[in-house]
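Quick heads-up: it's one chain on its own, the form predicted alone, in structure tokens.
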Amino acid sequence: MSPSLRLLEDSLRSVADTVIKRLEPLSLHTSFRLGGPSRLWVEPGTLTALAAVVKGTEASGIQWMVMGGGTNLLFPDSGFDGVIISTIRLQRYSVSDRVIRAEAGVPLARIVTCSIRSGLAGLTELAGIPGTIGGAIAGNAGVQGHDVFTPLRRVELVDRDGTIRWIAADELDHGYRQGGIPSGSVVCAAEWAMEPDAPDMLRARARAALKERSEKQPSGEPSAGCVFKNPAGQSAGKLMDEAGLKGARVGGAVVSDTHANWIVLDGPATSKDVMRLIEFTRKRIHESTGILLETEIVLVRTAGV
């Protein structure tokens, strides 16, 4: 461990309610179950601790990133040569006067369930989407015309200097799979202003959304959801299907037979296998259609540990 990283570790250990681990395997924290170790893995237990960790890590000059549920991340086999700040312990949420507030580490599925039980509409169609609140907002998670921003009122951020502030949702330049979070800022909490609806009706809509998702998406194998964003007016999955890419394989990484825009793992695999398959499919689509697909999966590129 470098002297600067050791100094940062010593500093972060003074932050109350914070767990720090060395060389934590990232494969334990991603839905792909891939990725080497992170130099430091930090779990703040409160928003105040998160702010202190972000401020201290930013000031150190060491590479860092925030990680939620790890459902759309691909880390290198060599790992992450820096600090991963995990929101896994930021799990508080509440409902009051038709407003749901949740910290960044709360699973999106839990907030969807909470809204249904509380008879609040706006997030029901997102039933079954994995990941945490922080990641869902940063990537504007959604499906078929519904996204996490639809009833969103405001977002609480931590800036690089440790400042905690609220920003109105309509002040964020969000769009398709883009939350518009300012560079260097971290989502630490969010609030949704919801409209009342009958819980039975909401449950029915959630069941329909889950049924449709289960019929169209693979399940059981490690994956990270849709690999590519849909080009304007087109479907990335349809383009890949028409190009005959279902079943394409590199090592243990395979284009799903159920949904062509999903890469799943079939047997022993590496992050390199997935990366090579992503590049192969992107090249095939570009050659056949002239369209250069953009990844929805976040490909983390860093020097190894």
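In this text, residue numbers run from 1 along the sequence as written. Remember, predicted model here, so these are calculated numbers, not experimental data.
Same protein, other form: the form predicted in complex with a small molecule, not shown, and the subject of what follows.
Trainee: With the small molecule left out of view, choose which of 40, 66, 34, 255 has a non-hydrogen atom within 4.5 angstroms of it in the predicted bound form.
Mentor: The residue in contact is 66.
Trainee: Can you pick the one in 224, 190, 123, 83 that has a heavy atom within 4.5 Å of the small molecule in the predicted bound form?
Mentor: The option sitting close enough to the partner is 224.
Trainee: Given the small molecule in the predicted bound form, answer whether the residues 150, 179 and 235 all have a heavy atom inside 4.5 Å of it.
Mentor: None of them does, since no heavy atom lies within 4.5 Å of the partner.
Trainee: Among 159-167, 197-205, 180-188, 110-118, which stretch has residues with heavy atoms no more than 4.5 Å from the small molecule in the predicted bound form?
Mentor: Checking each option against the 4.5 Å cut-off leaves 180-188.
Trainee: Within a 4.5 Å heavy atom cut-off, is residue 142 in contact with the small molecule in the predicted bound form?
Mentor: Flag for residue 142 set to yes.
Trainee: Spell out, yes or no, whether the shortest heavy atom distance between residue 129 and the small molecule in the predicted bound form is within 4.5 Å.
Mentor: Although the small molecule is absent here, residue 129 would touch it in the predicted bound form, with heavy atoms inside 4.5 Å.
Trainee: Taking the small molecule as it sits in the predicted bound form, is residue 209 in contact with it (heavy atom to heavy atom, 4.5 Å or less)?
Mentor: No, residue 209 is distant from the partner.
Trainee: Under a 4.5 Å heavy atom criterion, is residue 88 part of the interface with the small molecule in the predicted bound form?
Mentor: It does not: once the small molecule is placed as it appears in the predicted bound form, residue 88 has no heavy atom within 4.5 Å of it.
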